[in-house]
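Below, in structure tokens: the form predicted on its own, a single chain.
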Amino acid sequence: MLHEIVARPSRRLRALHWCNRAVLVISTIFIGEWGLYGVFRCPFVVPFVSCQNCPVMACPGQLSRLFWGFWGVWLAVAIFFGRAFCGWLCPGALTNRVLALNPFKFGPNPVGVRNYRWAKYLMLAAALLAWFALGQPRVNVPLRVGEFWPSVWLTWEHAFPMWQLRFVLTVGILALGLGIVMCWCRFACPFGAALELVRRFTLFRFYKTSECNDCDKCRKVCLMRTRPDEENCTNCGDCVGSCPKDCIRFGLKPRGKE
């Protein structure tokens, strides 16, 4: 059915786009609070993966034990649908999409920015190093005074330098998304880097047929500044309907197709 929608842009195609936005919003409602706690309150160097040992009782991840089951499911799903989590469910992606509405952002990529495509793999390596080699140290005192944001300020005041460095890097790179669209998702997200490694072998994907003439119109409508089945493609479907040659398809990619 998706193949048919892609092949014949129509109301159903617009419905697909609206469905994508609706799923992102609904997902953010359900797991967005966990994301906020991970960025602003998590006492560990690598957030979202040590919830079983976390003393922040108010965090949704600690309460529902989301950590391993959550990430394990999405790594498994990536075998079938690549970075679909990034394109359809991640609250961070919705945040970056909102930042991209900023009218003062750069249109095309600023000169040289694509040379930093390796940065997300460096972030993944640093996260794995802190988690496995350093033993995932706890680097702040998870003080709580009732309200969320006053707690964040107290957390900052009593945190170790490593936690403050992680906080500044995360918030700083997110803020860069005001000028460089989807900056965090394209260049810094360690889980996105892990999914990107799996995406290369995924079964179902958006891809270009041999009729593609490299006009790059699909790249221009893509906030991730990529083309179907290329690095950073999240299977969101935004590019569908942009191709004047109608050569974007979804499904199992036939062998030998570019």
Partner chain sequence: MDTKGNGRRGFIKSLALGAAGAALISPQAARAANGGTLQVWSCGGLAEAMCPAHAEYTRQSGVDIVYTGAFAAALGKSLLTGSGHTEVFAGRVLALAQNLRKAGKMIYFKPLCFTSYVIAVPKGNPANISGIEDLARPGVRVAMAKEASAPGGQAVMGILKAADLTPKVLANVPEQGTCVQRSVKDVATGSADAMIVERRICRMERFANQLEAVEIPEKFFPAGPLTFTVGLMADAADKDRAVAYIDWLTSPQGQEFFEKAGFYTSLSPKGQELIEKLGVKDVA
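Residue numbers count along the first chain shown, from 1. Remember, it's a predicted structure, so these values are computed and weren't measured experimentally.
Omitted from view is the form predicted together with its partner chain, to which the following refers.
Inset, instruction - State yes or no: in the predicted complex, is some non-hydrogen atom of R117 no more than 4.5 angstroms from a non-hydrogen atom of its partner chain? - result: Residue-level check for R117: no, no contact with its partner chain.
Legend entry - Residue contact check: P142 to its partner chain in the predicted complex, 4.5 Å heavy atom: Heavy-atom contact with its partner chain at 4.5 Å: present for P142.
Inset, instruction - Determine whether any heavy atom of Q52 comes within 4.5 Å of a heavy atom of its partner chain in the predicted complex, and answer yes or no. - result: Yes.
Inset, instruction - Answer yes if any heavy atom of Q136 is within 4.5 Å of a heavy atom of its partner chain in the predicted complex; otherwise answer no. - result: Within the cut-off, so yes.
Inset, instruction - Can you check 96-104, 118-126, 170-178, 77-85 and let me know which stretch has heavy atoms within 4.5 Å of its partner chain in the predicted complex? - result: Only one stretch passes the 4.5 Å heavy-atom test: 96-104.
Inset, instruction - Heavy atom within 4.5 Å of its partner chain in the predicted complex: which of F44, Y207, W34, F191 fits that? Just give me the one. - result: For this set of options, the contacting one is F44.
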